[in-house]
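In the form predicted alone, a lone chain appears below as structure tokens.
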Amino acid sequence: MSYVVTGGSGFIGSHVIDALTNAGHTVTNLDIREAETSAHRYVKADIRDLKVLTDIFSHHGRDGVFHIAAIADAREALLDPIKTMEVNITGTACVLEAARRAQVARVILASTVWYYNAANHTHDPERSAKGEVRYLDENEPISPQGGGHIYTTSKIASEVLCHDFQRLYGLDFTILRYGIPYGPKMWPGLVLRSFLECASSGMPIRIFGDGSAVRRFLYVEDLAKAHVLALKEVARNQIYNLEGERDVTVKELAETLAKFVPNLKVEHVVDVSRRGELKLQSVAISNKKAWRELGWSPTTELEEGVRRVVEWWHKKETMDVTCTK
């Protein structure tokens, strides 16, 4: 089968291409950035170029398009909301329209668990005090007040567009709501990458607040494998949460990194640029539907994932030094 991956030169997209290729599929990477490897067909294109998209999808993506290209850095979205809307919403509209014109079988959209910042959940102190957790699934309704962040709003709009194109034009979709990814090739701004950059320069790693903030980190190769499983027929016109298996505090992440990077120093700071980011108290996001229908669940333990990231980082640093000589 032949597929196109938009944003295939990026952190997640490159791993998705590897997973699809390992599963025996032919993949075309469509991105404005060149790929690190020439092992796959690469087309330099902007996702807002409808004519180019239609041509590429017609020739290489009739079996499906994985739409991953987006402004995914929440801070960048906050700094430039207009560009974020143009790339994330107009770009998605162009991908969907090109797929419709090219008669693509299905578009698989990369979304986010930040979606649930717009859900009608409220913090329940009593539930929290008892250690009880309410799980949010893919049917959780959202509030018209939105998710409180430019990035979240752009992804909610992209999801709505998928539903509209299916109802109005018959273009099928699958929506994958990503958890917080980490792994080799992760981009600057993600917490573990930031830790490594600070440690490499001899600076203390920066923890926002007291380190008790909780995330369910998801190793990128586990995330990529879900994309192959999402090609199953049962996933047509469905939404799946791809979330990590357990709560991890930022403090635990730092302590895990310290097992592989000695003499880490920690600095606690406040950062106003992080306003509007995902915060869930006494609730969690369920990935049971992905397990039930796709047979997917993350399998990489945090310590092993962090070890692989450190290994990649050391190789990257060695390569960067070599290239500058």
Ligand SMILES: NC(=O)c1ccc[n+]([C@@H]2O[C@H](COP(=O)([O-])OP(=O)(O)OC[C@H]3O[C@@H](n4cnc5c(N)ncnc54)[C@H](O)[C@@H]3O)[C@@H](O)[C@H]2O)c1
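Residues carry their position along the shown sequence, with the first being 1. Note that this is a predicted model, so its numbers are computed, not measured.
FYI, the form predicted together with the ligand isn't displayed, but the following is about it.
Think of it this way: in the predicted complex, the ligand has a heavy atom of just one of 289, 41, 48, 60 within 4.5 Å, and the residue is 48. Taking a 4.5 Å heavy atom cutoff to the ligand in the predicted complex, the contact residue among 102, 119, 157, 87 is 87.
Contact with the ligand in the predicted complex, defined as a heavy atom within 4.5 Å, is made by none of 218, 254 and 300.
Residues of just one listed stretch (246-254, 147-155, 197-205, 160-168) have heavy atoms within 4.5 Å of the ligand in the predicted complex: 147-155. At least one heavy atom of residue 33 is located within 4.5 Å of the ligand in the predicted complex. Of the heavy atoms in residue 190, some are within 4.5 Å of the ligand in the predicted complex.
For residue 313, no non-hydrogen atom is located within 4.5 Å of the ligand in the predicted complex, even though that partner is not displayed. Contact check for residue 111: a heavy atom falls within 4.5 Å of the ligand in the predicted complex.
In the predicted complex, 178, 179, 181, 187, 190 are the residues of 177-191 with at least one heavy atom within 4.5 Å of the ligand, listed from first to last.
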